[in-house]
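In structure tokens, one chain follows: the form predicted on its own.
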């Protein structure tokens, strides 16, 4: 039986995409690329985009490089303040510079979260000061995680390492990017830690992923994200729309949970949502 897109879209009152990049998108400027993303989002009924990392990202950025990447995002946000939110990109190998950049972009700027990628394993002690500061500012820490058969990148974190970090910082909110890549393992690794949420973004829309996330974590700990421009809105929304879960669960995953996580910092900044 053919299902119409409008019927599927009715499952959510408001879709917020956790996981968006300026890379892999047409445009010569940050605002041009974000404008393209918003045009795509409008076709799919996505209301808000969380954006991080610049037009050209680095695996192991120097403080100067991650500051420039954050400048790209800040510039883009200025053009679309009602449609996009920013997370500050950091490299924990430089603890003091990370704290300075976190204060610049979150405390003194419009950003509402922290993004960590593959520069440093996330169970390293160097993350503790910036995680503590994120907690003080009431923003989540979004950590890339993956388990690769071919072997991870030198500083690439696993969901087990994120679980260890979350156990050290039970009052900080963490998001497990890609649900660990090998999501059947990743979801089980983060399950005991109530302060860790699962991101569905990236990878193919494999049947059963969302159902397992809801079963293992509860629908209130699962977040929709696309990983656009590496993936499409449509393929990643399909993970939620096609899942055999309740309609209230779909609404939480597609936007309700992310709004709840970000509510303290959004209210503090006077952002309407």
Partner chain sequence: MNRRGFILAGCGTSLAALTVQPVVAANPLSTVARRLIDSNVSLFRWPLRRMPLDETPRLLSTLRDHQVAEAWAGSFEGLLHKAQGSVNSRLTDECRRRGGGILRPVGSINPRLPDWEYELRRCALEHRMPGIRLHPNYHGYGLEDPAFERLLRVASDLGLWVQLALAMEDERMMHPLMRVLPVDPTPLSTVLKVVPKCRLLLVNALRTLRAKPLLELLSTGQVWVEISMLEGIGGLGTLLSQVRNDRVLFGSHAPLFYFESALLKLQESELTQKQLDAIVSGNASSLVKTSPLKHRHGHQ
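Positions refer to the first chain, counted from 1. As the structure is a computational prediction, the values presented were derived from the model and not from experiment.
The same protein also exists as the form predicted together with the partner chain; that form is not shown, yet it is the one meant from here on.
Screening 106 to 114, 145 to 153, 124 to 132, 160 to 168 for residues having heavy atoms within 4.5 Å of the partner chain in the model of the complex returns a single hit, 145 to 153. Listed residues 71, 100, 184, 136 were compared with the partner chain in the model of the complex; 184 is the one with a heavy atom within 4.5 Å. At the 4.5 Å threshold, heavy atoms of residue 230 reach the partner chain in the model of the complex. Mapping the unseen interface onto this chain, residue 53 falls outside it, with no heavy atom inside 4.5 Å of the partner chain in the model of the complex. Residue 64 falls outside the set of residues with a heavy atom inside 4.5 Å of the partner chain in the model of the complex.
In the model of the complex, the partner chain lies within 4.5 Å of some heavy atom of residue 254. Using a 4.5 Å cut-off on any heavy atom, none of the residues of 115 to 140 reaches the partner chain in the model of the complex.
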